[in-house]
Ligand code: PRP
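There is one chain below, alone, in structure tokens, taken in the form predicted alone.
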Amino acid sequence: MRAAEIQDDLSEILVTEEQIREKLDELAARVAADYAGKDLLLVGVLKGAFVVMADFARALPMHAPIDFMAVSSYGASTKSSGVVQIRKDLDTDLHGKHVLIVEDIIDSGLTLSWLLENFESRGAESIEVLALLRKPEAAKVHIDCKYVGFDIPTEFVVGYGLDYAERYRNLRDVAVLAPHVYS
């Protein structure tokens, strides 16, 4: 689905699918150079990161197993509660592994901060973060994110895996959701 098909639900397109693909290709090249000769494990954070994970993994010119973890701090709200609930844990033992967490968006940073501590406690050799989107002004905690696609304003966005009440994930672009949709 393209933004033009649901333009009444959107206020503004922030990043197009084409811009995202170009950025993921660039990030994949950087990751491949940084992890040359190392065993890298990609960990996607469900549900939002599944689209980013799929496209990033296809752009990555090296072998890298994939695992997923589902955590939630939003529910059906537009703001993070800060309370993290594990919905699906990893299938992979992280001990001694180089882990790259693949995220759709860093908003408050609270969920990601929790994940970083959790993965460190599981004995990962190294942990880095790749986020397609980051809202620097919304940060409540500092997250050292080595690979960032785009910094965006503090607006509620949908598309490219990001949702509102399980809708809009299949939007190919990232766009600001019009307030009339969720108010």
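In this text, residue numbers run from 1 along the sequence as written. These numbers were taken from a predicted model, which means no experiment stands behind them.
Quick note: we don't show the form predicted in complex with the named molecule, though the next part is all about it.
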Please tell me whether any heavy atom belonging to Arg169 falls inside 4.5 Å of a heavy atom of the named molecule, as the geometry stands in the predicted bound form. yes
Since only the chain is shown here, I'm wondering whether Val45 would be in contact with the named molecule in the predicted bound form (any heavy atom pair within 4.5 Å). yes
Contact label in the predicted bound form: Asp173 to the named molecule, heavy atom within 4.5 Å: no
Taking the named molecule as it sits in the predicted bound form, is Leu100 near enough to touch it, meaning that at least one heavy atom pair lies within 4.5 angstroms? no
Quick check for you: of 124 to 132, 31 to 39, 47 to 55, 60 to 68, which stretch puts a non-hydrogen atom within 4.5 Å of the named molecule in the predicted bound form? 47 to 55
Within 104 to 129, the residues having any heavy atom within 4.5 Å of the named molecule in the predicted bound form are Asp104, Ile105, Ile106, Asp107, Ser108, Gly109, Leu110, Thr111
